[in-house]
Structure formats: structure tokens, C-alpha cells
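Single chain ahead, by itself, as C-alpha cells, in the form predicted alone.
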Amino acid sequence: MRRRTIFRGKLLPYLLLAPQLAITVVFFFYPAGQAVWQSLLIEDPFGLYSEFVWFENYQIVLSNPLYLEAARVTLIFSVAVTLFAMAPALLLALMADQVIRGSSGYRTLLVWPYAIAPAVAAVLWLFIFHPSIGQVGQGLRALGVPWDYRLDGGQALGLVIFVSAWKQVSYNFLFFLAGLQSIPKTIVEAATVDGATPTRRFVQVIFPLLSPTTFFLLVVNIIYSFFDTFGVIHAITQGGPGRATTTLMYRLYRDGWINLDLGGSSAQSVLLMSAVILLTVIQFRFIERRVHY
């Protein structure tokens, strides 16, 4: 008969949870509640006058064609960043998982970019792709390519997508490599003995067993593309040229911090938060069905 240990202290668990709960309330629930409340008001920039207008700010935001354009840019940007951040990371993890000699060195080098702040990473790549002082930018112009992300909206969007994805590859690589190393080698060896080709082993054995990690990274990367790429866009293009790289997050910053439209920017923040929550719920509702735990 097994003896059960009963913990009779009822207060200690709440005391241990209190610091994390306090941080959550102070830094998440309280600002979120303030944003919801301010989205129902029209305020002057100095906070001297406010008027309760219900959902008028939401109507103004959703009827603004510039906001809808920013939503379209955000959709393209988030899908591209998620794809180009996860696919190379999976390829690098597969290659690093097969390396025997010097594997720790490869992994360390591949993880380093994650330690760089988004704004710093943007400045580094800015010096590389700048049309006047960047080596790649000068090389493209020498080859006859009219490269100037400051004037071409497509080039600007492609550059911020590349930099944002590059910044996130290391994070994805860590999780993919951990997922690959958790797969029992006997299963892969059994598939090899059965005559499965490397491609077939990956498609039918490795990737299905890697689906929990892939699903987790899909959720994380979409959230990253919505929120954490602000520093990259602000450092490289500042939303231009011609709003080509103005995402919903950057438009929120511009309307709230520069134009001082407190009610409208609060409504945008609530809409953005609701959109991300909805996307996350949809992923857990439909995509998680295909995950094999």
C-alpha cells in the first residue's frame, strides 16, 4: 500500500502564486482594461477633456481605408515572416541533428542571432542593404538592379520580411532541434530498414512526430510577426515608403504616439489584440486536430 503525502498548508500555495499573479494583473489585465476603456472615449492629447462615445472610435477605424490597407500589409507580412522563419529553421535543425563532430559549435553559432535585439538586427542589415553604403545594395545597383528600398515599396516590404524572419530563425531552430532529438532513433531506423527513402522518412515519420513542436512554433511566430517586429520596421522603413510597410502595430504607434489620437489608437489596440486572440483560438480549434502527441 502506497502512503500518500498530504500537504496541509493552505496559505503557502497562494503566497507562491501571488508574485506571478500580481505581475499579470499589473502588466497585462490593467493595461488591457485601460485600453478598452479609452477606446470608448474621445480625449484631447493633454487629458483635459474626454467624452464617452461608445463604439464611435471603432466605427471610424474600421471605415478608414488606410487602416484596411494596413490590415492587408499585416496579413502578407505575418504569413511571409512565419513561413520564412520556420522553414529554414527546420532545415538547419535537420542538418545540425545529423552532425556528430563539432555539433555543439554549429548549434551555438546558429543560436547567436536570437540574442540580438530587433532594432539592432535591423540596423545591421540596414548597413548591408543600404543602396549607398551597403555592400549588397551597391552590388545590386552595379549589376543594373534598381535597388532602393527607400523608394520601392515592394523592396521595402521584402527587406523587413527578410530581417524579421532572420531574427526568429534561431528561436525556431532551438525548438525544432529539441523536437528532433526527442524522437526515438529506433523508429527512424525501423523506417530505414523497411526501405523508406530520406524524403519519405521525413514526411511520414519525422514530421508527424514533430507536429507538437511545429504547432507551438506556428502560434508563437504569428504572435511575433504581429507585435515583436515593430523595432525592425521602425529602424529600417518607419512604415514607408508610401505606407508599404505600415502594419497594424506600426499604424497604432503612429496614430497614438505621433498623431495623439488616444481613443482611436486604443480602439486599434483592442482590435489587434482581439484579432490575435481569434487567430490563436482558430489554430487551437482546427490545426491542433492534426497534431500527434
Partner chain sequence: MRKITSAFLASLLVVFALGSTAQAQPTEIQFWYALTGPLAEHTLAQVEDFNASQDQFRVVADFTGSYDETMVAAIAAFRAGTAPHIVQMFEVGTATMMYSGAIKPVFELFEETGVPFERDVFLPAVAGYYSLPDGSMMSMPFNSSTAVMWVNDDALTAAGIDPETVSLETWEEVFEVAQQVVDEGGADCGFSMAWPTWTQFEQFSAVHDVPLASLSNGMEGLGAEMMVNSELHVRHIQNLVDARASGAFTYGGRGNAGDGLFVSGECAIVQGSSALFARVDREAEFDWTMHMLPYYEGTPNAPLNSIIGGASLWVMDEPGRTDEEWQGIAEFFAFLATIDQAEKWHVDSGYLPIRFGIYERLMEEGFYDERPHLRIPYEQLTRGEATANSSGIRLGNLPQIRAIIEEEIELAFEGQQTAQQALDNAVERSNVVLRAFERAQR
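Positions refer to the first chain, counted from 1. Only a predicted model underlies this, so the values are computations on that prediction, with no experimental measurement involved.
Below, we refer to the form predicted in complex with its partner chain, which is not included among the displayed structures.
Peer 1: Please name which of the stretches 152-160, 89-97, 177-185, 117-125 has residues with heavy atoms lying within 4.5 Å of its partner chain in the predicted bound form.
Peer 2: So the stretch in question is 152-160.
Peer 1: Can you tell me whether residue 46 touches its partner chain? I mean in the predicted bound form, with a 4.5 angstroms heavy atom cut-off.
Peer 2: Judged by the heavy-atom cut-off of 4.5 Å, residue 46 is in contact with its partner chain in the predicted bound form.
Peer 1: Looking at the partner-bound form in the predicted bound form, is residue 62 within 4.5 Å of its partner chain by any heavy atom?
Peer 2: It does not: once its partner chain is placed as it appears in the predicted bound form, residue 62 has no heavy atom within 4.5 Å of it.
Peer 1: Taking its partner chain as it sits in the predicted bound form, is residue 242 in contact with it (heavy atom to heavy atom, 4.5 Å or less)?
Peer 2: Close contact exists here: in the predicted bound form, residue 242 approaches its partner chain to within 4.5 Å, heavy atoms only.
Peer 1: Heavy atom to heavy atom, is residue 135 within 4.5 Å of its partner chain in the predicted bound form?
Peer 2: Result no; residue 135 lies far from its partner chain in the predicted bound form.
Peer 1: For the three residues 82, 104 and 228, verify that every one has a non-hydrogen atom within 4.5 Å of its partner chain in the predicted bound form; reply yes or no.
Peer 2: Looking in the predicted bound form, the three residues 82, 104 and 228 all stay beyond 4.5 Å of its partner chain (heavy atoms).
Peer 1: Using a 4.5 Å cut on heavy atoms, which of 40, 70, 252, 262 is close to its partner chain in the predicted bound form?
Peer 2: Checking each option against its partner chain in the predicted bound form, the one that comes within 4.5 Å is 262.
Peer 1: Pick out the residues of 48-87 whose heavy atoms come within 4.5 Å of its partner chain in the predicted bound form.
Peer 2: Heavy-atom contacts within 4.5 Å come from 48, 49, 51, 53, 56, 66.
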